[in-house]
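Take a look at this single chain, the form predicted alone, given in structure tokens.
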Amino acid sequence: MPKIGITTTVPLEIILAAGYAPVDLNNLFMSRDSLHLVHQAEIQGFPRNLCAWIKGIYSVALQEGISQMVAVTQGDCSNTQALIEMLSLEGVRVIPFAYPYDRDEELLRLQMERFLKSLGCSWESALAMKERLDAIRLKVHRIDRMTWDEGVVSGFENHYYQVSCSDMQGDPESFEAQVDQFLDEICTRERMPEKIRLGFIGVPPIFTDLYSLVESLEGRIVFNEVQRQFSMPACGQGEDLVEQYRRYTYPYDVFARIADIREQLAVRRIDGLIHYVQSFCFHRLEDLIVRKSINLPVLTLEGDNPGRIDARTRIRIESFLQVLKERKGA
């Protein structure tokens, strides 16, 4: 199947029903020599004070030979427009897609109709694909529940399976087999030890060892906010494709995200929050709103280049967990 690159979650059903294999360039970037990819983009002239994800996506798209990609021009990264213009100079076909800020149903439907037309796909085929993907998503939701309720899934495993829902690793059948195997494996696990239950909000971390570090300090991340949204947690309730992507919180205003976060903090009995922000990203400003809206201790971590957590950030995480333990009497 020909590949289509994506830079964030888009209606996956349309890409697959049209006969293409979606490739989430964020996930691909992190699976390669990611720091080298960032440096490659800087050699090409990308500025130092630009988000590392943008530089990594640019380099990995060229390295992978991506010839067409979907660019979300509203509802994701403010640097996407310049990124796609750079890639179009390299001969990449760009298919624009925009999430309306106010979740307007009519505008979102129009965007999907344009998307369908650009890939030569019908509504009927896309809806049939949604039914197929929802069956896999429901299995990933089970993994999520077994993370916070039964305590048998690590924070990283929870992150991995949910973040993979953005493109189903380009092959839903193979991804489902991997999910099934994992579900079989965790059925026999014993509950993991934990003194502190954490939530992780914001874009997925560029750090490679955050989850293992937290668990080495007797904490456990039982809520990955944006990754959970990639798995469409409200799917499978008879909604159509437009409604499914209206319920998806990430591309719209921050307040719908906060409502979802508050609900999950209570359900999952979370002691504190890590808010991850990426250097040079406009989402950094949302930290002020989060702190005014969430009545729990919040540790804001800022990452720049991919790699292991630096010493200063490690000390901040250790101190945060120590404070939470004392607060909880753990």
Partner chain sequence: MEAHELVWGMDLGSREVKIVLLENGDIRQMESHETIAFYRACRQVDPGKLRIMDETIGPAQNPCYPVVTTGYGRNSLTFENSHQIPEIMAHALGARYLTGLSDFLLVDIGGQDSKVVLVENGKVVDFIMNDKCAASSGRYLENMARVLGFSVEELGRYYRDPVELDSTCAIFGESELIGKLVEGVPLPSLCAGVNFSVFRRIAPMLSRFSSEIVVLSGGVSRNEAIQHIIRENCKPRQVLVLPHGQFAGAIGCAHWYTHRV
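Numbering follows the first chain given and starts at 1. As the structure is a prediction and not an experimental result, all values here were calculated from the model.
Same protein, other form: the form predicted together with the partner chain, not shown, and the subject of what follows.
Judged by heavy atoms within 4.5 Å of the partner chain in the predicted bound form, the contact stretch among the candidates 283-291, 54-62, 264-272, 32-40 is 283-291. Site annotation in the predicted bound form: the residue of 28, 66, 50, 299 reaching within 4.5 Å of the partner chain with a heavy atom is 299. Proximity of residue 323 to the partner chain in the predicted bound form: non-hydrogen atoms within 4.5 Å are present.
Although the partner is absent here, residue 21 sits far enough away that none of its heavy atoms falls within 4.5 Å of the partner chain in the predicted bound form. Using a 4.5 Å cutoff between non-hydrogen atoms, residue 279 counts as a contact of the partner chain in the predicted bound form.
Proximity of residue 316 to the partner chain in the predicted bound form: non-hydrogen atoms within 4.5 Å are present. The partner is not shown here, and in the predicted bound form the stretch 231-267 never reaches within 4.5 angstroms of the partner chain through any heavy atom.
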